[in-house]
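Take a look at this single chain, the form predicted on its own, given in structure tokens.
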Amino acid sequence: MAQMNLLQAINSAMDIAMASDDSAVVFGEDVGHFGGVFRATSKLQEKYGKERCFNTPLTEQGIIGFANGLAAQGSTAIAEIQFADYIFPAFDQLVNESAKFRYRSGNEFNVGRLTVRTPYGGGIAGGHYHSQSPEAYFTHTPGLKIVVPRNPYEAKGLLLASIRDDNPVVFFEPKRLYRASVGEVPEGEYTISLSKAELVQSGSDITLLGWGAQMELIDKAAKMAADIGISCEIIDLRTLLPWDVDTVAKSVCKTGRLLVSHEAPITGGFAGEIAATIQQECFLHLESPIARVCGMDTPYPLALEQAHMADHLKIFEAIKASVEF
């Protein structure tokens, strides 16, 4: 297997998708000859031509509106929103058009061949317009699938699965890990099942749950906990909508405790949905209240970014508090 960083793995997935499907088209702001602001689409225009990899105007609503039309007429549409913070002008197109296309026609037509890629999250000193984690806004929308990878291997397999899925997918990419996360990735084609969480590490005392870039911090906290004799079970949710309730519930019934961590602010964050569901499924097995370690309820700060983030130290302290409850 080749050594790839997260960007290279994503690029490889799109390359394979375009090579195997002549209708696959990649488009967005600066994705053409420039290769995207992070270079995720590097050399795709050179390889597949300007008709299949091209720049759009700076209009996110227009990008997704065009993507809906393209997917509706049978093409495989792979749209890039340059930063997740800029996905909000396209919110209406995604939640009122993409998500409802199949339903409103009784399956006569759909936009199931639509994938929207967008980099999310902080840790890059990007300030409040380049650091947000807006995944929870979209998990409230039946008809979409929401996917977040944590490393290069997962990114390639999940992105290929998303592109080939029969439903519109919003694929959030943890930009803090674009070049920082490196690992072995098959050069050929493979997919990872959507809506299936991964048991990353077995443990007995507490279940730690997260997704995307937060998994690295969860792993660090779990190692600190192990040093003081606390055994952590770690689960990467991977797909947030629809999410794998069974895998999480099975783990929590075993450990008796659950800690959920994400970058986004705590109020209205997806951790709240998980907590509500798991207390319903596992109430008689719980040894302590379900814990949430998340971002603060403030606009994402620049100077105080590290204080805002739900880092490994905050997670570690929450692990101890849960086990000692």
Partner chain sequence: MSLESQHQVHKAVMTSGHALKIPELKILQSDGTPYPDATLPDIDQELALKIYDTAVFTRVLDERMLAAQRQGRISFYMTCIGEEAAVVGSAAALSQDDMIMAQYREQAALRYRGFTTEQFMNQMFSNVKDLGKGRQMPIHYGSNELNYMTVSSPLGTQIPQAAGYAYGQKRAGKEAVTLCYFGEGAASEGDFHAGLNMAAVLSCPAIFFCRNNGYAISTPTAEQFAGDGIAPRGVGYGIDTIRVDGNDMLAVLAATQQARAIAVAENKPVLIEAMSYRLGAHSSSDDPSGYRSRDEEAKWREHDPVLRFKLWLLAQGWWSEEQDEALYDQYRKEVLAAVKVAETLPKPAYDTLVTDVYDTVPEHLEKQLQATREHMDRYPDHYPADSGKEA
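Numbering follows the first chain given and starts at 1. Computed from a prediction, not measured in an experiment: that's the story for all the values here.
Only in words, not in the display: the form predicted in complex with the partner chain, which the text now covers.
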(message) Please identify the residue among Glu184, Glu108, Asp227, Glu187 with any heavy atom within 4.5 Å of the partner chain in the predicted complex.
(response) Glu108
(request) May I ask you to choose, among Lys254, Lys223, Arg102, Arg179, the residue with a heavy atom within 4.5 Å of the partner chain in the predicted complex? (result) Arg102
(message) Please tell me whether any heavy atom belonging to Asn96 falls inside 4.5 Å of a heavy atom of the partner chain, as the geometry stands in the predicted complex.
(response) yes
(request) Answer with yes or no whether His130 is in contact with the partner chain in the predicted complex, where contact means some heavy atom within 4.5 Å. (result) no
(request) Please check if Ser20 has a heavy atom lying within 4.5 Å of any heavy atom of the partner chain in the predicted complex. (result) no
(message) If we define contact as a non-hydrogen atom of the residue within 4.5 angstroms of the partner, is Val25 a contact of the partner chain in the predicted complex?
(response) yes
(message) Is the partner chain in the predicted complex close enough to Val148, Glu287 and Phe316 that every residue in that trio has a heavy atom within 4.5 angstroms of it?
(response) no
(request) Choose from 171 to 179, 73 to 81, 198 to 206, 214 to 222 the stretch whose residues reach within 4.5 Å of the partner chain in the predicted complex, heavy atoms counted. (result) 73 to 81
(request) For the stretch 203 to 234, return the residues whose heavy atoms include at least one within 4.5 Å of the partner chain in the predicted complex, in the order they occur. (result) none
